[in-house]
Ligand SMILES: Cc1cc2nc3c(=O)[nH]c(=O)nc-3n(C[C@H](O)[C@H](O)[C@H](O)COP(=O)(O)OP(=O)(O)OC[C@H]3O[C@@H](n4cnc5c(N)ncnc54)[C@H](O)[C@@H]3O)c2cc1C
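Here you get one chain, nothing else, as structure tokens; it is the form predicted on its own.
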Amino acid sequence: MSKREISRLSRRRFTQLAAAAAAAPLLAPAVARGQAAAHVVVVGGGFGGATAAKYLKKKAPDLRVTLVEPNESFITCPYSNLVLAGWRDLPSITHSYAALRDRWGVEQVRDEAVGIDADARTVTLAGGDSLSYDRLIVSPGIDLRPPEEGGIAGYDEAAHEAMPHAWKPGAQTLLLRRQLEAMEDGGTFVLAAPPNPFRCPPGPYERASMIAAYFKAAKPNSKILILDAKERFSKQGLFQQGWAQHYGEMIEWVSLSADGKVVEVDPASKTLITEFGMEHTADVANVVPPQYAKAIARNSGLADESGWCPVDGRTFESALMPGVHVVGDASIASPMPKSGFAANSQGKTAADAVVALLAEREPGNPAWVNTCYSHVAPDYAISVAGVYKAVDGKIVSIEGSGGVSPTDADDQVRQLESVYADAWYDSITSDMFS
């Protein structure tokens, strides 16, 4: 297939995505003039928070919006696996908040939120200051569970250096890449995949694919072992089909019932111990432990006993704390996955609801589309899509919608999916940060 044909089909795909976006509910009109002084604070500048901050200002320019985010720029989890393959570098997945400030008028406070007082409607910052708000949107992301809170025995903060998780991109991504580069050909890479729910359901399996692509080119005698705390995983058949086609027997996946759940690690020897006592020693170990909502959500009373934050599916207002909306990975939004696309959609929904509620109007009834692309090999990608709507405050899948890439697709289709994946990444990051 020529590049011109790929480009033409890519543009057709963009038209389809644009049509889907046009079908989504529009944000409400700007806040009434009498409400212009209202102040909305957004905690967290990831897919959910950055989107919410921008869309609040986009549809209600007179609204005062403050983004609480300690970093000057945001590194995306999507496409960080491609850094491990050597296909991308970290700057290419790093995005500045400058346009949110300079173009859209979002105020950024470079500090960390550490507390919420819902009665006083204030957010406490690590530096000691506090911010008052009329409505609050919290998009904090995740924390990795430590051993004493349902995590993996032995996998404490110190262990992250010997056995990187790389589930929060940046320094950990580069550390894991360096370890892979230093590994001898013929070595074994072991990936411990977490139980549900966790950030980015297809992520561990795309990661294995990207590392396999690197090994095939640079260390062809190496092996990849995935020890999984689950019985099945997202896009499993498509991943395994791609692995067999491109990597032969390089990748081995061990399910929960086959003793794949890692319960303990020894960082000094890079040994992973499973539920029934099997020991696996790695040359490079990547441990992705169980997760829960970030500390600001748990410590402020936004999370329930599960460690995640229950919300009203129509507005993403907290079920536990009125006046506060929780979006992105920290929220309980099942059956929507904990994905960047979902967080972006939820940020727009929360912005819409906040604008409506400040103007004393009834929020709309949202619907969402989510697509998760995964790269498997060069010019070879797969996807899963879902369509959802809010019904009586709950999020439900729309029957007969969505699905996964066809299993019988030829290489041309897989090549096009990789083009669509790149176009999706460029489109969604532009939507958030430009």
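Here the structure is a predicted model, which is why all the values come from computation and not from measurement. Numbering starts at 1 and runs along the sequence shown.
Keep in mind that the form predicted together with the ligand is missing from the display, and what follows is about it.
Q: Considering only heavy atoms, tell me if residue 167 and the ligand come within 4.5 Å of each other in the predicted complex.
A: Yes, contact at 4.5 Å.
Q: Any of the heavy atoms of residue 313 lying within 4.5 Å of the ligand in the predicted complex?
A: Flag for residue 313 set to no.
Q: Closest heavy atom of residue 376 to the ligand in the predicted complex, within 4.5 Å or not?
A: Residue 376: no contact with the ligand in the predicted complex.
Q: Although the ligand is absent from this view, report whether residue 296 comes within 4.5 Å of it in the predicted complex, heavy atoms only.
A: Yes, residue 296 lies within 4.5 Å of the ligand in the predicted complex.
Q: For the ligand, considered in the predicted complex: do all three of 194, 197 and 289 come within 4.5 Å of it, counting heavy atoms only?
A: Checking in the predicted complex: none of 194, 197 and 289 is within 4.5 Å of the ligand.
Q: Counting non-hydrogen atoms within 4.5 angstroms of the ligand in the predicted complex, say which of 74, 239, 247, 133 makes the cut.
A: That would be 74.
Q: Considering non-hydrogen atoms and a 4.5 Å limit, which listed residue (339, 209, 318, 300) is close to the ligand in the predicted complex?
A: Filtering the options by heavy-atom distance leaves 339.
Q: Hey, of 219 to 227, 350 to 358, 74 to 82, 273 to 281, which bit sits against the ligand in the predicted complex at 4.5 Å between non-hydrogen atoms?
A: That would be stretch 74 to 82.
Q: At a 4.5 angstroms cut-off on non-hydrogen atoms, which residues of 311 to 327 are near the ligand in the predicted complex? List them in order.
A: Just 327.
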